[in-house]
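Next up: just one chain, as structure tokens, the form predicted on its own.
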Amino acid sequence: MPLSPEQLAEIEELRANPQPTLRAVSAGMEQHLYKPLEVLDHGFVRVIDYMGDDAAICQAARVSYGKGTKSVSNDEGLIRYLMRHWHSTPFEMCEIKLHVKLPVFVARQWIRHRTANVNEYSARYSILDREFYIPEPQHIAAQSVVNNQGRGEALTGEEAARVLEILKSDAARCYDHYEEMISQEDQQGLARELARMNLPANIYTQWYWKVDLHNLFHFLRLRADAHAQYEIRVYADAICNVVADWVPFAFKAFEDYRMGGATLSTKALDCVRRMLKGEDVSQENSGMSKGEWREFMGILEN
């Protein structure tokens, strides 16, 4: 179960008691507050709190840049200008606090984004639930032959079944031993902070994660990308759905200039100019390495 009965009761209580406020409110975000978006087999993302909206971004920009933004006639145009020219500070005026339930190995990837405030469920004080991420068969894949950090073709048949059985049995056995080691009524047992070290990386943890919009966009640009690991990408996709309702102008600009755009090197730009002039440009005369050329062609073909 992604949410415990206690958490569900808390959500119902919070949503049943709205409070009047004078602060800026995003109607789109209000619809998401406290509600869980289920991710993977036991995980979720839900909004606990937020600050700011599209107007807050523009307000901060106009205070900062003054007359320099008067040529921009509306909020959407200003936000697109800020995104296009990499003016990041106004986007830092918006913040979001999320409650996330996720497998530990996903959390270890996620925590690499060090520009957020994080408070994680403590297995020193509490006993972790018997909940493990077990991939769907279509996500059980072999190592990629072209990418050292990615997966390749999906396993099938007996090989897929063999791997799934190992994942399930190892997780169950480790948790059984975890429970056996923890203090019981008839034995002294092991401290929780030590017993947890026997748990597998696919067990679920939870945390509160608070981040400003600028750094959230950086997270989403990397983790909602098609090349990101599936298990973290689905969380990023869920967050994208929330952000699109929270700050629609900013998210559309982010999609256009970051997710859908591309950064080209000096050599790549030179190749584009030569191609437009009708020149025959190849990897050999481009000045790029094979890897750079492959990525460049991938941008042009997509």
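Numbers follow the displayed sequence, beginning with 1. Note that the structure is predicted; figures quoted are calculated from it, not measured.
In what follows, reference is made to the form predicted in complex with a further copy of the same chain, a form of this protein that is not presented.
Three-residue candidate spot His42, Glu131 and Asp245; no residue lies within 4.5 angstroms of a further copy of the same chain in the predicted bound form by any non-hydrogen atom.
Among residues of the shown chain, Leu300 is one whose heavy atoms approach a further copy of the same chain to within 4.5 Å in the predicted bound form. Though the partner is left out of this view, Ile48 does reach within 4.5 Å of a further copy of the same chain in the predicted bound form, counting heavy atoms only. a further copy of the same chain is not shown here, but in the predicted bound form it comes within 4.5 Å of a heavy atom of Glu30.
In the predicted bound form, at least one heavy atom of Ile96 sits within 4.5 Å of a heavy atom of a further copy of the same chain. Of the residues in 109-126, those that come within 4.5 Å of a further copy of the same chain in the predicted bound form through at least one heavy atom are, in sequence order, Gln109, Ile111, Arg112, Arg114, Ala116, Asn117, Val118, Asn119, Glu120, Tyr121, Ser122, Arg124, Tyr125, Ser126.
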